[in-house]
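In the block that follows, a single chain appears as structure tokens, in the form predicted on its own.
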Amino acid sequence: MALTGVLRPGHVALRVMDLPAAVTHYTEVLGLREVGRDASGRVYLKAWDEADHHSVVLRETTEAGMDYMGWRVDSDATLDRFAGELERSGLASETSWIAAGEHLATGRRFRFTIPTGHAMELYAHKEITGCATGYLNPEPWPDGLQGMAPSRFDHCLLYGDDLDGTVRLFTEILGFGLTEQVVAGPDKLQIAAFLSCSNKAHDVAFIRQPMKNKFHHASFQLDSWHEVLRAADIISKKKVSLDLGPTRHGITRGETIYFFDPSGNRNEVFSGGYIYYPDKPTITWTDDQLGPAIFYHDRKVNDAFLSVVT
């Protein structure tokens, strides 16, 4: 399948309350590499197998959470087309263009707010600085990795009220597929949606909650269950705040562990998951099976996992 339109998650911009502590966490514990700082003090990082200049942006402020999530599209023409469609849709608000260079090494971006209250942006250009192994006769992984060493930033899980409008925006305008959903009650109200613009089980997911613009976690890809278990050892060795895991999800089939950065933003590292194609039927979970859907091994819902957000 040739990917067109929205290609992948490109970056996540996170708010942190102690920038030096956050940088230490994201470089030494998670294992990203710092690639730059800008005049406003933001720190840019990337994972070892990412070609683009950066995938994570940290900004120091007084409240943790997510500023915005960015998506790379395949061309300037696609960027302009999506911008027009979003402005006309009635589903996007607070639309604006951000000039090239406002992010380091990044072209112009179109920012908009989705019905759940989250800021999203699309862009077509970011400087390709290359991955750590290079592209000519590369080794399977580079020397000198730190921490958990994920290969890429993978997805976010977000909480908000207008799940219906957000799913419509992603599927009807941006062309995402609905890979999985959770429905509740006799009316089968959709309470969770997992969306993909690629071959992955999800590139972004949303949970229906009464508040707008809440951040549950940013996730990073590992290669194997063994690496997830190693991440658990690192969490203990570094005395990082553990949330849950290691375990497996029923939803997406991914192997996972969750933990917190020093500001309380939840991180995930995971491996596995199935291959998604647009003709794959949507997998549906019912709310009476929410336990194994989220935590396949324990088979029960953990209230703190669902309620703690930034």
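A residue's number is simply how far along the shown sequence it sits, counting from 1. Small disclaimer: the values here were computed from a predicted structure and weren't measured.
Keep in mind that the form predicted in complex with a further copy of the same chain is not shown, yet the notes after this line are about it.
Enquirer: Ok, Ser224, Gln146, Ser89, Thr95: which has a heavy atom sitting within 4.5 Å of a further copy of the same chain in the predicted complex?
Expert: Checking each option against a further copy of the same chain in the predicted complex, the one that comes within 4.5 Å is Ser224.
Enquirer: Check each of Leu158, Ile235, Leu169, Ala193 and return the one that places a heavy atom within 4.5 angstroms of a further copy of the same chain in the predicted complex.
Expert: That would be Ile235.
Enquirer: So in the predicted complex, does any heavy atom of Val308 sit within 4.5 Å of a further copy of the same chain?
Expert: No, Val308 sits far enough from a further copy of the same chain in the predicted complex that none of its heavy atoms falls within 4.5 Å.
Enquirer: State yes or no: in the predicted complex, is some non-hydrogen atom of Val240 no more than 4.5 angstroms from a non-hydrogen atom of a further copy of the same chain?
Expert: Yes, Val240 lies within 4.5 Å of a further copy of the same chain in the predicted complex.
Enquirer: Looking at the partner-bound form in the predicted complex, is Val56 within 4.5 Å of a further copy of the same chain by any heavy atom?
Expert: Flag for Val56 set to no.
Enquirer: Taking the shortest heavy atom distance, is Thr24 within 4.5 Å of a further copy of the same chain in the predicted complex?
Expert: Residue-level check for Thr24: no, no contact with a further copy of the same chain.
Enquirer: Since the chain is shown here on its own, which stretch among 261-269, 43-51, 60-68, 26-34 would lie within 4.5 Å of a further copy of the same chain in the predicted complex, judged by heavy atoms?
Expert: Among the listed stretches, the partner-contacting one is 43-51.
Enquirer: Relative to a further copy of the same chain in the predicted complex, which residues of 283-310 have a heavy atom no more than 4.5 Å away?
Expert: Ile283, Thr284, Trp285, Thr286, Gln289, Tyr296, His297, Asp298, Arg299 sit within 4.5 Å of the partner.
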